[in-house]
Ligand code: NAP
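Take a look at this single chain, the form predicted alone, given in structure tokens.
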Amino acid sequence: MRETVTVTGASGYIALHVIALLLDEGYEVRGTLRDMARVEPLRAALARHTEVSNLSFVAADLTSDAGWDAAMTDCQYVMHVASPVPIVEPKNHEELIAPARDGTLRVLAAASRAGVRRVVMTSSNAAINSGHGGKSSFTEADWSILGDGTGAYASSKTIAERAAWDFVAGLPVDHGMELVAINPCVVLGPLIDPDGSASIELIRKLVAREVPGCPNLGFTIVDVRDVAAAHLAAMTSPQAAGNRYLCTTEFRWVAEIAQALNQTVGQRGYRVSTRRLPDWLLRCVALFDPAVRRMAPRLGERQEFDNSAIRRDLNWQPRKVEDSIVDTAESLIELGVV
């Protein structure tokens, strides 16, 4: 009998790649959506990549109890991918924290009631590397230190993941459920649906020439297809239970990302500015632009993340960073986003 996997937040950038991979591997997939009007567009988008006859959708929202028991019926595994990701910092952090934390607990409670074997939760490196001052090297043993200067996204991911571990630890022994957390860094790679994600905004802005040059910023990158592969391995690998995994590859400065784009899509007329922007200019823009304001404190900052655990336990073998950068741009162009 085909095993069933429920994927929360099925319209999301990562979730769609997780769904496509699960369908490729022969699983029955049930995706949750807030808006059921998205069903047919999403089914059509996925059909361009995989066979969708084993795909169904149910209505469920992180902010409501309704629908979650139905979403978990006869389900063996859950991929809890749903979580709000902002492009700009909300004034009220609870706008992100409440649905992330409370939604996670709703998902886990329903999964526990249904007898689900294992939940794989999409967390983030933001639950690991925030609030550490000058610290620049991180492993899964690190947790973000929350304080007044911590952003809403990092707070929401940290609080939600901690709540998940506490929930599972508190389950009765005879109703135990396994949990694995996947903690990706900045996720790039091709889109299945043109709605996209906040994480690919940098590539979109560079290709669309919405930024005049390259700020002194950098990111540790991972490909969305490799994030999906990590989720599948975390779901099936016996040694993964009870672990969190940094899911990341290599660091690149924005200037290096721009150069990679110019060597490929730049040859087809999508030239990207490689001019270096001075720090003072970005700080001035940050006074008026909330999106830039989020990035300004990280000018010149370089952080490294140890991915030895995910490589060892899950036999994870990610793509080259430059392939992820270029494939993101190619996808944006193909889907008419830029």
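One rule holds for the numbers: they count along the sequence shown, beginning at 1. Fair warning: this is a prediction, and the values are worked out from it, not measured in the lab.
Not pictured, yet referred to below: the form predicted together with the ligand.
> What stretch, of 74-82, 129-137, 143-151, 256-264, brings heavy atoms to within 4.5 Å of the ligand in the model of the complex?
It is 74-82 that comes within 4.5 Å of the partner.
> According to a 4.5 angstroms non-hydrogen atom cut-off, is S155 in contact with the ligand in the model of the complex?
Result no; S155 lies far from the ligand in the model of the complex.
> Please determine whether V187 contacts the ligand in the model of the complex, using a 4.5 Å cut-off between heavy atoms.
Yes - in the model of the complex, heavy atoms of V187 and the ligand come within 4.5 Å of each other.
> Applying a 4.5 Å heavy atom distance criterion, does L62 contact the ligand in the model of the complex?
Because a heavy atom of L62 falls inside 4.5 Å of the ligand in the model of the complex, the answer is yes.
> So in the model of the complex, is the ligand close enough to T249 to count as touching (4.5 Å, heavy atoms)?
No, T249 is distant from the partner.
> Do all of T6, G67 and F167 end up near the ligand in the model of the complex, with near meaning a heavy atom within 4.5 Å?
The answer is no: none of the three residues contacts the partner (heavy atom, 4.5 Å cut-off).
> Though the ligand is not shown, can you say which of L314, I14, A329, L22 has a heavy atom within 4.5 Å of it in the model of the complex?
Looking at L314, I14, A329, L22 one by one, just I14 meets the 4.5 Å heavy-atom criterion.
> Which residues, if any, of 198-223 lie within 4.5 Å of the ligand in the model of the complex when only heavy atoms count?
Residue within 4.5 Å: S199, and no other.
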